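One chain comes next, on its own, written as structure tokens: the form predicted alone.
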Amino acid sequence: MVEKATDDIRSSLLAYPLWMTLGWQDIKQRYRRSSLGPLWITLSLAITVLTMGFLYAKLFHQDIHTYLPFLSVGMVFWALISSLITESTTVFIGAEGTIKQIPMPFSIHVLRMIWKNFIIFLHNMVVVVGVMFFFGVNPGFNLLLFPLAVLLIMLNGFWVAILLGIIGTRYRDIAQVVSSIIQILFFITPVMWSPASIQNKLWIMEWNPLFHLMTIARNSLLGGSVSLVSWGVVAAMAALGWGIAFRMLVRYRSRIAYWL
């Protein structure tokens, strides 16, 4: 069983031409016959960031030159993280037809979903680059940590997709539960507001794993001190999560098709 689970992940990673093509096809299908195509993703986010940026800068009495870059990075990474989590619950359900008709590693469907969201993330990063350039944000040497931050987020997204994908296939209500939890986490994660605003109760955020994901993402793009605690927490999440997800894959891999 362990060998089959290991071979499932290894074979899926080696089949990158397949899941990369399928992921891109998902995006093209979503924007089929659209004039701008995937650029609607970037345009929609840009409008949201600009509107919320100027509004909340006034409400929170923030300097627009620092708040808008802060918000744009937060919104882009929140879109990536929340999509990876919510879509994980239906990653196998959405591929039901393929799973029942074509024998292929289950992890291919996970990688297909991750790759699709990564492409969307790259589209959204155009907004961040534009805002940073306009306001003259210089991350310095912290920019070298950006690829590592994205890689760690994707690694965590991989095990979350396997874990929630299996649970969501067995228990269909999980998708609604996770979606509700994500909505709550949005308000208690510093996406729109700065952690400095609740310095006396910083421990509340430190128990939120999404806070640490946002921290390593923001620090790598906006500069500032490198939080070794957040980097350690995210790395530990990846190690512990992969241990749990792999055990789930070993035990329940053969049942996924029967639960669909």
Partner chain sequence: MSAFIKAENVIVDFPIYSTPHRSLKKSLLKIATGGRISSDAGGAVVVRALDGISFDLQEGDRLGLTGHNGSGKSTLLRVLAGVYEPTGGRLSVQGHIASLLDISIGMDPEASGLENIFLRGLLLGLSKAEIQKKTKEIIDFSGLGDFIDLPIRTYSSGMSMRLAFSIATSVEADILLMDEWLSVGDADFVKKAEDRLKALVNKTPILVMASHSPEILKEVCSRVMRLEKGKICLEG
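Positions refer to the first chain, counted from 1. Computed from a predicted structure; not experimentally measured.
In what follows, reference is made to the form predicted together with the partner chain, a form of this protein that is not presented.
**Q** Check each of M154, L148, I174, V126 and return the one that places a heavy atom within 4.5 angstroms of the partner chain in the model of the complex.
**A** Spelling it out, the residue with a heavy atom inside the cut-off is I174.
**Q** Go through T98, S179, N142, S83 and name the one with a heavy atom inside 4.5 Å of the partner chain in the model of the complex.
**A** Selected option: T98.
**Q** With the partner chain left out here, work out from 131-139, 155-163, 103-111, 70-78 which stretch has heavy atoms within 4.5 Å of it in the model of the complex.
**A** In the other structure, the partner sits against 103-111.
**Q** Applying a 4.5 Å heavy atom distance criterion, does P17 contact the partner chain in the model of the complex?
**A** Yes, P17 sits close enough to the partner chain in the model of the complex that at least one of its heavy atoms falls within 4.5 Å.
**Q** Would you classify L13 as touching the partner chain in the model of the complex, given a 4.5 Å non-hydrogen atom cut-off?
**A** Heavy-atom contact with the partner chain at 4.5 Å: absent for L13.
**Q** Please tell me whether any heavy atom belonging to K28 falls inside 4.5 Å of a heavy atom of the partner chain, as the geometry stands in the model of the complex.
**A** Taking the distances in the model of the complex, the answer for K28 is yes, it comes within 4.5 Å of the partner chain.
**Q** Can any non-hydrogen atom of T90 be found within 4.5 angstroms of the partner chain in the model of the complex?
**A** Output for T90 is no: heavy atoms all beyond 4.5 Å of the partner chain.
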